[in-house]
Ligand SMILES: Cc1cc2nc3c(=O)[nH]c(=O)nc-3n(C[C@H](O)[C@H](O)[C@H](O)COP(=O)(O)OP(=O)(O)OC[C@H]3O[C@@H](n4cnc5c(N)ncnc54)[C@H](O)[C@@H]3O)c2cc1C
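As a starting point, one isolated chain is supplied in C-alpha cells, in the form predicted on its own.
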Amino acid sequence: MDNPTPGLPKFEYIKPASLDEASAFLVDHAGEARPFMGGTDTFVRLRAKAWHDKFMVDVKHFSGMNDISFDPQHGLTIGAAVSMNRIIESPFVQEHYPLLAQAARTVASYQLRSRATLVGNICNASPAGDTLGASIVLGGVLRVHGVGGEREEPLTGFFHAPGKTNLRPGDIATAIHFPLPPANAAGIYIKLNRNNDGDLAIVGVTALGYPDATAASGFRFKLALASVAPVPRVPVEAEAILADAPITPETIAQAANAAMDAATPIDDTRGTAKYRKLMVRNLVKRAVNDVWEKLQ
C-alpha cells in the first residue's frame, strides 16, 4: 500500500536576482522547474507525485510583486505575490471591486488565504477556481514577463484546459490589472459546495450587471461559470438575452436555460453532470435576480 501521507520529494530552491534571470532559468530547465509564489497547490501536488519538478524558482520577492495600487483613472493592479487575505482587506477592492473580495473570501480557509494568491489561482487554471469568474467579468488582464520581455494576457482566451493556459516556458505572471468597473455595477458570486469550509465548487456562478444605454434592455450582464466545463465558461447567449430584451422573470429564466445549455460538466465525486447542469440554471437565475434587485 502506498504511504497515505508521503513527505515532500527533494527539490532545489532557486532565488534569482532578476526577472530576466528567472525566465532564463525556467527556459533552460523547462519541464523540471516551476515559478514559486504562494505554494499552496505546489506542495500538495509535489507530495501527491502529480508534479515532479526538481527546481522551485522563487519569484515573489521582485519589485511590485507584493503591491496593490489603485488609480481612479486606470483601475486596480494587484501584484502576483499579494495574498487573498490582503485583497479581501484592501479598501480599494472593498470600495470599487467588492465582487473580487467576495469571490476571494470563498477560497479555502483563512489560513490558506494568507499564502494563496489571486494570480496563482488564475495561473493554476482549475475549472473550479473561485476567483476566475470575478477576474473574467471584471476584465482582468495578466501582466507577464517572458524571455521576450513584458506582455499582457487578457483572461478571455487565456485558458485552454485544466492546468493549461497561454503561459509559455520562461513566463512569469507578475501582476493582474483590472480596469475601472462600469458605473453603478453590481455583482455576486454564488458557490455550491458540499460544506461551508472552503470545499471546491460543485458549481460556481459569477454575475456582474450594470446600466448600459446601448443595450435594448438598458443593462448588460457579464456571466461566468465554474466547475462545469474544462475551462471557465462564459455563456455568451445568456448574456445576449439579458441585453436584448426587457429584464423580466421570463427573460431571466430564458437566460438561465441558455447558461445551462452552455455548460458541459462531467460526473465526478462531487456531483453528476446532470445535477450540475440543473444547478447552473438555478444559480444563474438566482444570481441575475440578486444583481437585478441591486441595480434597481
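In this text, residue numbers run from 1 along the sequence as written. Just so we're clear, the structure is a prediction, and the values are computed from it rather than from any experiment.
One more form of this protein, predicted in complex with the named molecule, exists but is not displayed; see below.
- Checking Leu99, Ala173, Val137, Ile78 against the named molecule in the predicted bound form, a heavy atom within 4.5 Å turns up for just one residue: Ala173.
- Scanning Leu200, Val93, Ile188, Leu180 against the named molecule in the predicted bound form with a 4.5 Å heavy atom cut-off leaves one residue, Leu200.
- Residue contact check for His29: none of its heavy atoms lie within 4.5 Å of the named molecule in the predicted bound form.
- Residue contact with the named molecule in the predicted bound form: Phe62 places no heavy atom within 4.5 Å of it.
- The named molecule is not shown here, and in the predicted bound form it never comes within 4.5 Å of any heavy atom of Glu239.
- Contact annotation: Ile88 falls outside 4.5 Å of the named molecule in the predicted bound form, judged by heavy atom distances.
- With the named molecule omitted here, the record of contacts in the predicted bound form names 101 to 109 of 205 to 213, 67 to 75, 147 to 155, 101 to 109, defined by a heavy atom within 4.5 Å.
- Shown here without the named molecule, the chain has Arg34, Pro35, Phe36, Met37, Gly38, Gly39, Thr40, Asp41, Thr42, Val44, Trp51 in 14 to 52 lying with a heavy atom within 4.5 Å of that partner in the predicted bound form.
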